[in-house]
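What follows is a single chain, given as structure tokens, in the form predicted alone.
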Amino acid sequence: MSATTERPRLAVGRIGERLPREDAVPKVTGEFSYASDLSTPGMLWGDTLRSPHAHARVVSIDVTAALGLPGIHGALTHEDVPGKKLYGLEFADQPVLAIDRVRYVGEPVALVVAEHPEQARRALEAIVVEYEPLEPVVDMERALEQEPLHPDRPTMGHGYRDDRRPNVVRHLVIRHGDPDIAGDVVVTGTYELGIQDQAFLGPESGLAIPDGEGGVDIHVATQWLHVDRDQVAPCLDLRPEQVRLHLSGVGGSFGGREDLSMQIHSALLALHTGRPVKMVYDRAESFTGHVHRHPARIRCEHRATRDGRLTSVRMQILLDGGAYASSSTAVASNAASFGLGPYRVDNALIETTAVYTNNPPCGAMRGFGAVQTCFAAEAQMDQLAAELGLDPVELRLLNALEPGDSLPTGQVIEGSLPTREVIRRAAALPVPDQETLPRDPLRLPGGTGNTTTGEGIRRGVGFALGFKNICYSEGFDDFCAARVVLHADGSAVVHSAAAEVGQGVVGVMLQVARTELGTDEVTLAPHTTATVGSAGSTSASRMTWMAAGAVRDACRAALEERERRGGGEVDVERVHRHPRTTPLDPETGQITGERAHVALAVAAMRVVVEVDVELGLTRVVWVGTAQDVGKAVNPLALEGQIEGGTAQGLGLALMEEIVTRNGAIQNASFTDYLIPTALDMPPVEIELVEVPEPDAPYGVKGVGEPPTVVSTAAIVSAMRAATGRPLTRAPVRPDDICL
């Protein structure tokens, strides 16, 4: 595929119609062009030398032998970075190439560029690096006492609560009401979650092409073209307009493509050689080359009256951010802000601490802090219901958070949040009858690869409730640009840098444009930084809201401009912003303005599992869910997002965990890191609860994250019901069931 191939015109309908996603069939049939399929004449291949140590001083790097090998066009170290040596998604704490220290296994140390990938691999083997190993910081609790990995404390001085303990990325305290108020019943628990990988299709890859005038074009699979550009350009010592980012085929992201991978490296090599350079990670390199979900340790205490009303909740949340900051400060805020779940709690104390370690870097992943705390909070609600002798669903209805109530941050909920309706709709879904034995082994826990005939099976039904913010928070200037070129014949072209990562934003933008312009003759230009302003990131469940608003505003402005001119071609760009948010107070965690979060979405899930308690194997039989979706732009795509989000939550509940030893990943392949397949997925029955969000374009809400937030908690709830065991850690291991 050529790097300049334009996206074909898409045939989609209007807002509210059920429409297939344009990339669905090509991805299933293998015809989809990923970033790794890019090619161009004269292309060279880049590769990366990575640290074998979790923590070490870099004493020396010698690339002489590598440069003498056949086909080698260059070998670069940190000394060859012409501009800034550090970059970062939110804080510039990560070196382009290791300078004097490596902080995780897999950190980039040097680059090579060659005529052939095998020549590049051999050149990496010829580079000589002398390391002085240092004691790794690998336990998140001990990290608060060990040597600081970043003595310059790059996240301090940004309005966060000052915490002088070593290796603190962010410490957030939310104090609400009187946390010491008593309750008739008290339940406590400690919960842990392992590291989850995004496990997307198509590992990190891209192609950098020098323009012959000192600039460069980078074709890459990413989530945010403009923020990539704004990190890359300073490191290359170039102006932003000299670095143009173009979106290539993306096979899912789930947060893992928010941080840079090979963007700066490929551009450095392209500018060094004056030729196009392609870089493609293999799957093992991908495991070390992007951030993961934060592992967590959460301690909870819930107090309630005898009739079940929550009086006070205390929660301590510890998150391992790994070697660099990435988005850990925001993940910590989300974990705290949504830690109690969608319940009215008038008195609370929530402490969240994210720390640096020498483990793999962690950052954004679908659910972004709320997944971890939902798992803990919902286990507490189940424990409280059992202690009180109440139905778990009734306990949740009794404490449900709705408009007019306040979050622990003091923010009053003013938008839509139909929590009770979501609970009732999910709880009303009828569960399937239990299948009799004997049955097809495919329909038993473990499938045909196990010897069970089902005698040890116990069935359990679980329920969970969760919620999360929509769009960016805490004063982040969240905006999205769109440009509409309206031709004299009535046809139109929409320009947007919104990253299509499989979530269907391409279809949303065309549905909006065709609805607003009243014509089907609408096409979408390639996604690039070269022709339009930033769309922001495909993250935080924001893109449907923000891109729909930007395209709507640009379409309406284009029609007004054409009417003012009396016809002809018009070219209009507009920027959409949602209502302003403000930071949380660094000492109390209370809002400093009207809101810290612009909108919220809630989901409930009912799950049936079968657990073979003799073998420790689990089969998820059925999932029924109700989700608050605002207004469904494309119900078919929305249902696909709920199913996909549920699959990732199932993975975290049962099988997905990056295992590390002294900071090194032990299972960096899909042989050993297991993800759900079609045979692991149950039928998912979906109820869409449409209560339009008043401030959003067309009343929409993002839908991709709530199912992941709630599904792990719901599945493990059902497993507790089946086994009678506390199951306080995810993923649940067979030993947790059998012992």
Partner chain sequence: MLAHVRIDLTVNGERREGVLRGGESLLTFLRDTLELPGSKNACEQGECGSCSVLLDGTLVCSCLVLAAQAEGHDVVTVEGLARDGALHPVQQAFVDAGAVQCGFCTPGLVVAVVDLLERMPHPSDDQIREALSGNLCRCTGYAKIFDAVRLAAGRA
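Quantities reported herein were computed from a predicted structural model and do not represent experimental measurements. Residue numbers count along the first chain shown, from 1.
What comes next is about the form predicted together with its partner chain, which does not appear here.
Only one of Arg283, Arg239, Arg580, Arg165 comes within 4.5 Å of its partner chain in the predicted complex through a heavy atom, and that residue is Arg283. Checking Gly507, Pro95, Gly202, Gly663 for any heavy atom within 4.5 Å of its partner chain in the predicted complex turns up a single hit: Gly202. At the 4.5 Å threshold, heavy atoms of Gly252 reach its partner chain in the predicted complex.
With a 4.5 Å cutoff on heavy atoms, Arg57 does not count as touching its partner chain in the predicted complex; it lies far away. Contact check for Glu118: a heavy atom falls within 4.5 Å of its partner chain in the predicted complex. Although the partner is absent here, Arg443 lies within 4.5 Å of its partner chain in the predicted complex, judged by heavy atoms. With its partner chain omitted here, the record of contacts in the predicted complex names 35-43 of 35-43, 60-68, 690-698, 710-718, defined by a heavy atom within 4.5 Å. Using a 4.5 Å cut-off on any heavy atom, the residues of 14-39 that reach its partner chain in the predicted complex are, in sequence order, Pro20, Arg21, Ala24, Val25, Lys27, Val28, Thr29, Gly30, Phe32, Tyr34, Ser36, Asp37.
In the predicted complex, the Cα positions of Glu521 and Val28 lie at least 3 Å nearer to each other than in the form displayed. Relative to the shown form, the Cα atoms of Gln648 and Gly30 move apart by 3 Å or more in the predicted complex.
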